[in-house]
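Read the single chain below, which is given as structure tokens and is the form predicted on its own.
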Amino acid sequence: MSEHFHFQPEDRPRLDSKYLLRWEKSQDAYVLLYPEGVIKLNTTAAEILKRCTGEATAANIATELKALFVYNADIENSIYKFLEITHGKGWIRS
């Protein structure tokens, strides 16, 4: 990783307890539910958040998703950026 991020490879991101990730058939997508509303997620965001359970390290998440999204050579940096953004929004904790 060429940039400095709050999340380090050994960190174990987890979804904040006020959020609920679930599949919504009516939206044909994963959504993030919270007391004030709902956020429809794209495939990549959903795959990252599904792994934010507090069990997998950020490095493990990146490794799994590299295998899943083989067409994106720079996905590791993108994952760490996403973790930073979602942490800033309060969706996840470290």
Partner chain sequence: MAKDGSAVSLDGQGKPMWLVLELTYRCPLKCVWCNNPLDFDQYGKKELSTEEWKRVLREGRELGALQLGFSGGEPMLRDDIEELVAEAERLGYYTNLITSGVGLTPERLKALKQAGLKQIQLSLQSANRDLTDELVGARAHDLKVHVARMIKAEGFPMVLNVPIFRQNIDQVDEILALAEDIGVDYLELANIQYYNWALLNRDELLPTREQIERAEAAVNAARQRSGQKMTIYFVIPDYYETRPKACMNGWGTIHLTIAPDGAALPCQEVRVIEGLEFPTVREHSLDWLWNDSPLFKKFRGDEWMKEPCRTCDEKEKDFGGCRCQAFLLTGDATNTDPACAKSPHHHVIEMAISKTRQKHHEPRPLVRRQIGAVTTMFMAQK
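Residue numbers count along the first chain shown, from 1. Computed from a predicted model, the values in this text were never measured in an experiment.
Keep in mind that the form predicted in complex with its partner chain is missing from the display, and what follows is about it.
Of the residues given (Leu65, Ala59, Ala46, Ile39), Ile39 alone sits with a heavy atom within 4.5 Å of its partner chain in the predicted bound form.
At a distance threshold of 4.5 angstroms between non-hydrogen atoms, Gln27 is in contact with its partner chain in the predicted bound form.
The shortest heavy atom separation between Lys18 and its partner chain in the predicted bound form is within 4.5 Å. Its partner chain in the predicted bound form comes within 4.5 Å of a heavy atom belonging to Arg22. Residue contact check for Phe69: none of its heavy atoms lie within 4.5 Å of its partner chain in the predicted bound form.
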